[in-house]
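Below, in structure tokens: the form predicted alone, a single chain.
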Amino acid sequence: MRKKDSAERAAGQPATKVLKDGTTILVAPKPALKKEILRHKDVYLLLLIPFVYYIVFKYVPIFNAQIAFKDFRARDGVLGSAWIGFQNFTDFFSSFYFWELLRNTLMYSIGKILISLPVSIILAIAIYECTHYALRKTVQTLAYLPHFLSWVIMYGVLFALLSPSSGILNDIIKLFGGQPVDFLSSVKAFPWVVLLSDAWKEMGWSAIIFIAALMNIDVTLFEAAMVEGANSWQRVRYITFPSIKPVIVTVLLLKIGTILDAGFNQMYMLYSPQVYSVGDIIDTWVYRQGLLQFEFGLATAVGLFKGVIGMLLVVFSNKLVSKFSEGSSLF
């Protein structure tokens, strides 16, 4: 019987299978792998692009991660450079600036989460609740646009707004008799410029995933709530928020995993030596010390350190959320 079934499947004929209760069922033949690939060749070609990307840019560079444990010299290559163990890590952890860098990095990363996430959720709910089509589309477009602008352009916009000599905001301050403030060079004002400009730039793009989650909510829930006399705030509180809670948790988990990435492009464009004490983060320090001074081993060590910490944070936060919020974990 088994040889007959195998022959039938190889010939493309449906095979039969007898269950324990004696029932005979037909089993669809399994197409050959080559035929299956040729049949869906377009899909496999599309799949090939991200596959090659991850192989070339993610897995191949893992070989070079050993630079973190070596006194890397370009003329000696990766394999020829001297092995120094954890010396690069020790140099970074014992650096005079380590705690300052860690503080600044965490301050901006956590601050961006605390500001950007609620703002994105509020924007998504406002767009979803808006019944005026033209107004909704206009707000969406204006909110999405800053995301597609580079930080070079955003710096020009911020300079036009915040410049102590010709900035619009300082013109308003002087109009009311105040003294102009150099926001980009002030130790007190600079962190707020970073946090608020990031929220402004990314809130529209971040709101897309929440809008998609809102669109999946069963409208009959809102209709039933309106029949029961629930106002807009009560519908948001008891229907909208609980319905998108898994999405909020997922986004939060993903952000926690990159908590040591405070935004190199933004910081590099906005900071200056006057605000190094509050503006210098791990990435900018690595750029100056690692790349400009050709300390590639140190730069790799810090990158490896960030990657390991990020992975541990994702695993820990996922376990924590799984414990207190069933069905809201990443894996």
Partner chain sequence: MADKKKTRVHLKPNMHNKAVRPTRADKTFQVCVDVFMVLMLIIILIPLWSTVTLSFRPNTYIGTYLEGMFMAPWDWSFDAYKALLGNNGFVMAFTNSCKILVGGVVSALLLTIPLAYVMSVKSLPGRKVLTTIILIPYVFDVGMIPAYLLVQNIGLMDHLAAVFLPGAISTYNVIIMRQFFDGIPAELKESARIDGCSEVQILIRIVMPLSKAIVMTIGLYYGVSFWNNFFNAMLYIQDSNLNPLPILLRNILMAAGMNEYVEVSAFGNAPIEAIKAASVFMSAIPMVIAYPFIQKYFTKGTMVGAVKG
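Please read these numbers as outputs of a predicted model, since none were measured by experiment. By rigid core we mean the largest C-alpha set that fits within 1.5 Å across both forms. Numbering follows the first chain given and starts at 1.
Quick note: we don't show the form predicted in complex with the partner chain, though the next part is all about it.
Interface membership of Gly290, defined by any non-hydrogen atom within 4.5 Å of the partner chain in the model of the complex, is confirmed. In the model of the complex, the partner chain sits within 4.5 Å of a heavy atom belonging to Trp233. For the chain shown alone, Thr90 is not a contact residue for the partner chain in the model of the complex, no non-hydrogen atom being within 4.5 angstroms. In the model of the complex, at least one heavy atom of His132 sits within 4.5 Å of a heavy atom of the partner chain.
Contact with the partner chain in the model of the complex, defined as a heavy atom within 4.5 Å, holds for exactly one of Ile84, Ile122, Ile248, Leu195, namely Ile122. This chain lacks the partner; the member of Ile208, Leu252, Val181, Ile115 within 4.5 angstroms of the partner chain in the model of the complex by a non-hydrogen atom is Ile208.
Looking at the partner chain in the model of the complex, residues Val157, Ile217 and Asn265 each place a heavy atom within 4.5 Å of it. Heavy atoms within 4.5 Å of the partner chain in the model of the complex belong, among the stretches 146-154, 90-98, 187-195, 104-112, to residues of 146-154.
Within 4.5 angstroms of the partner chain in the model of the complex, the stretch 33-63 places a non-hydrogen atom from each of Leu33, Glu36, Ile37, Arg39, His40, Asp42, Val43, Tyr44, Leu46, Leu47, Ile49, Pro50, Phe51, Tyr53, Tyr54, Val56, Phe57, Lys58, Tyr59, Val60, Pro61, Ile62, taken in sequence order. Once the rigid core is used as the reference frame, the Cα position of Val275 differs between the shown form and the other one by less than 2 Å. Core-aligned CA deviation for Ser81 between the shown form and the other one: 2 Å or greater. In a rigid-core overlay of the protein, Phe296 has its C-alpha displaced by at least 2 Å between the shown form and the other one.
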